[in-house]
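Read the single chain below, which is given as structure tokens and is the form predicted alone.
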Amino acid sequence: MSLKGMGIKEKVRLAKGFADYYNKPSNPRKVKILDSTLREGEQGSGVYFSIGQRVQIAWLLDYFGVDAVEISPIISKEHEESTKRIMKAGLKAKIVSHLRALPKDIDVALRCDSRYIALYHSVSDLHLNYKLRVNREQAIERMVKAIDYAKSHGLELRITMEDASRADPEFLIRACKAVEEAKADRISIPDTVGVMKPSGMYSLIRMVKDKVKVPIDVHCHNDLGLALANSLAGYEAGADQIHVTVNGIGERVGITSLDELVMALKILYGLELNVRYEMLRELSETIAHYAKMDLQNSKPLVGENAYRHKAGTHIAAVIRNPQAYEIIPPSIIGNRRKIIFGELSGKNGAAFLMKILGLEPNPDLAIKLAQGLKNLRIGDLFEIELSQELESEALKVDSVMEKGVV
């Protein structure tokens, strides 16, 4: 619909959307980033890391700048050994040992010299009845008992209310109050099966924040493709820490992707995190390689297609000002801008191709070349990386085309 055909309500709504984008908060609230690639990520189908890879991944994540790195030492002896080595690596990030709310699991973390642990226990009736076969009172008793045991050994801890998004709200609040009273340092509210709408996630986090004083984490699964939206909703509602994995890998279809979250916080909220944004592409490629998973070309930001330009009008606009079709320069996240030549190139793309091939651009010939590319009907021919030097040449070609075409 054109602006001319819009009613006043639609115009106001559109204007508000532009205002939300351009008027970022002047003092956005800080938030911590916990990366769970070594725990949640390794729950992804076919994903397995060696001990050496786990240590290297932890080091890379720490160097990138995440606040916490999560790993589960109870999975196997290899995972326990991995945790011990990571604990000795002298990293700045907090190393979080992920455990069931059981004293015997806490003993494993103690053997690893863990100082911070994350306990988890289900709170939805569905999980309590069919997964754990315990009632609500027993669930709270088990959580409090595990917290008491951990605290008696001087550990800091987070407790995750598993399947919180499908739990009875009154029971969820009762459980949160009980673990707060037991001295839990953090409470994580996950959307375990990815069923929340962003508005629902906002309300859920706001409800918990209003009832307890301990910091709140959010852990959002991507079953309906809403993990990032729900994580941002949780942030807006007051969550203090957001869980991510590199490339969003994890159980089933995974959780919020690290690159998408940190860039959304930067672009949409004006929040400058103390991270090395330029490492995002490298991190994605490294994890994809170790996990033996292809990095999808269509992956936002770090995928090959994120900065590929193909349509003729797009290429012409990007040559003049990349912001026409790019929300942030690719170099910021370690990606590269590319131009595709072929059936959709248009006269400007054709003229640029002539220049690359050593021919002087001619508006008439460029039009004929563009038509010839269309007549071939073979789609994309090839692509090139648009380096700074080529960008300069492309601008000269654009100037010639602008002057030569009436």
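Quick note: we count residues from 1 along the sequence shown, nothing fancier. Note that this is a predicted model, so its numbers are computed, not measured.
Separately, the form predicted in complex with 3-hydroxy-3-carboxy-adipic acid (HCA) exists; it is not shown, and the next lines address it.
Contact annotation for E40: at least one heavy atom lies within 4.5 Å of 3-hydroxy-3-carboxy-adipic acid (HCA) in the model of the complex.
In the model of the complex, K310 stays away from 3-hydroxy-3-carboxy-adipic acid (HCA), with no heavy atom inside 4.5 Å. Of the heavy atoms in Q241, none are within 4.5 Å of 3-hydroxy-3-carboxy-adipic acid (HCA) in the model of the complex. Residue contact check for E260: none of its heavy atoms lie within 4.5 Å of 3-hydroxy-3-carboxy-adipic acid (HCA) in the model of the complex.
The stretch from 142-150, 214-222, 325-333, 310-318 that comes within 4.5 Å of 3-hydroxy-3-carboxy-adipic acid (HCA) in the model of the complex, counting heavy atoms only, is 214-222. Contact residues in stretch 108-142 (any heavy atom within 4.5 Å of 3-hydroxy-3-carboxy-adipic acid (HCA), taken in the model of the complex) are limited to Y120.
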